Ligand code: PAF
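The chain that follows stands alone, in the form predicted on its own, written as structure tokens.
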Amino acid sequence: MKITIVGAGAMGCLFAAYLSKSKQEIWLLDKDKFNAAKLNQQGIFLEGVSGNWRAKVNSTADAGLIGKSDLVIICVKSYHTRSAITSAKPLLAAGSKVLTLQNGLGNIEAISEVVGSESVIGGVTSEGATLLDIGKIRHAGRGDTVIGRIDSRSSAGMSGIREIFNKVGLNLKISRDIKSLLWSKLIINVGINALTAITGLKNGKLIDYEGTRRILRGAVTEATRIAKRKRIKLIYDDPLAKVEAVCEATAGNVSSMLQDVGRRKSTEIDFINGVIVRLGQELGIPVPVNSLLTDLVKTIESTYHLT
């Protein structure tokens, strides 16, 4: 199987490094020619929970050099999804599958508009990674990766993907209810990401202070109301307890949104808390906490040039 990973950020490099252990042909597609050349030269260096090790990868900024791929894994920020899948079209042939392992909601729909829904597999991952430098990754935490189709149907090739991932040490499962998993992860991100980006706190500190804990609970409660109205069944019974447990389990983690703010980069706020704001407006459900968090993160982004 030829597998191409689109996006050489923390998660893209993490999956590329692990999959390089397989007997498959693995490529990493990055939009930046300099980054792609450096990755080709030095490979990917991982540190953290999986130890310190280096992986050799094939990397390029030209999809045409890779050729047709059996599996294309999208690991870019959600606001780059449409441009990423458009640039990856030379990789796709009849029977090719596109797997999204991204934050937030809307990625499956955006990819489907370009390549057709029959080719798309949704996914969520609990693997944690931090980008330290080009090709240098801190593997911050282990977790499951779960994939499935948004229409709950089985898809040819998913069992093969599972076999490859599991053989290299990435625990992958297949679900017939990926929508519930996507929403369950969204609600965790709703409670954590924006609040860390605004305060500069690591995940665990959010529940150490009454103020941030109260805001976290408000954001999660609003998102849970939206999920219930849309009849989404979450994979946990108590969303508040689950989000606080994640804060404890990932206490030392720097959220992806806090990393983005630290690097003066655009965040995925529109695809996380912003989703709750838009759905709240559509459904007539007040979501003042998520509205405030979204506005504050957007204000931070707007003031990058001042510092």
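This is a predicted model, so every value here is computed, not measured. All residue numbers are counted from 1 along the displayed sequence.
Beyond what is shown, the protein has a form predicted in complex with pantoate; the following relates to that form.
None of 274-282, 249-257, 58-66, 40-48 except one has non-hydrogen atoms within 4.5 angstroms of pantoate in the predicted bound form; the exception is 249-257. For the three residues 185, 188 and 193, a heavy atom within 4.5 Å of pantoate turns up in the predicted bound form in every case. For the chain shown alone, residue 103 is a contact residue for pantoate in the predicted bound form, at least one non-hydrogen atom being within 4.5 angstroms. Using a 4.5 Å cutoff between non-hydrogen atoms, residue 203 counts as a contact of pantoate in the predicted bound form.
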